[in-house]
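Okay, so here's just one chain, in structure tokens, the form predicted alone.
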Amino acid sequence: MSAHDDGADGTDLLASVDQRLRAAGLRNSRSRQVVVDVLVGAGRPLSLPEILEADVELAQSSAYRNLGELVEAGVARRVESADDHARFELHESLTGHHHHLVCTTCGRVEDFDVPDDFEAGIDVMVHAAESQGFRIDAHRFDLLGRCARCSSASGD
């Protein structure tokens, strides 16, 4: 998917990104669009070094600043991993709800869709929490373990 393709809700992803940036008082600069395009092309959460590797013309300071602004504008979100590098992906309101597989060896994070009955169970928990006056904004579910590459490297 490129930033010019349709998003999960059928709207143009680029238009959604532009709209969110404008609402945050930002314009969609070339460097911001490069970061968005890298995230779209990856199809999984990326660390800052992985983003820089994907587009060698992108300056580290620019990429880092733009990631922060994209997160604040609701275009991207930060995903915790098992290493020292946070990962970034397009906000799930643009790409669709999903969860993550997190490698505790290399830190790689992959998107992971859970079965509908699992999400239904989450809805029950959300309702229970809200009945106690707790306001739920979102939920996340990450499975921690070793990716295929790290598993095969260790002989598992």
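The numbering used is simple: start at 1 and walk along the sequence shown. Note that the structure is a prediction, hence the values are computed from the model and not measured. Take the two forms, find the largest set of C-alpha atoms that superpose within 1.5 Å, and that set is the rigid core.
Not on display, but discussed next: the form predicted together with the DNA.
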Name the single residue among Cys106, Ala42, Leu101, Leu26 that comes within 4.5 Å of the DNA in the predicted bound form, judging by heavy atoms. Leu26
Only one of Glu130, Glu57, Asp117, Asp113 has a non-hydrogen atom within 4.5 angstroms of the DNA in the predicted bound form; which is it? Glu57
Taking the DNA as it sits in the predicted bound form, is Glu69 near enough to touch it, meaning that at least one heavy atom pair lies within 4.5 angstroms? yes
The DNA contact in the predicted bound form: Ala82, any heavy atom under 4.5 Å: no
Are any of the heavy atoms in Ser93 no more than 4.5 Å from a heavy atom of the DNA in the predicted bound form? no
The DNA contact at Arg65 in the predicted bound form, heavy atom, 4.5 Å: yes
Could you check, with the core superposed, whether the Cα atom of Cys147 shifts 2 Å or more between the shown form and the other one? no
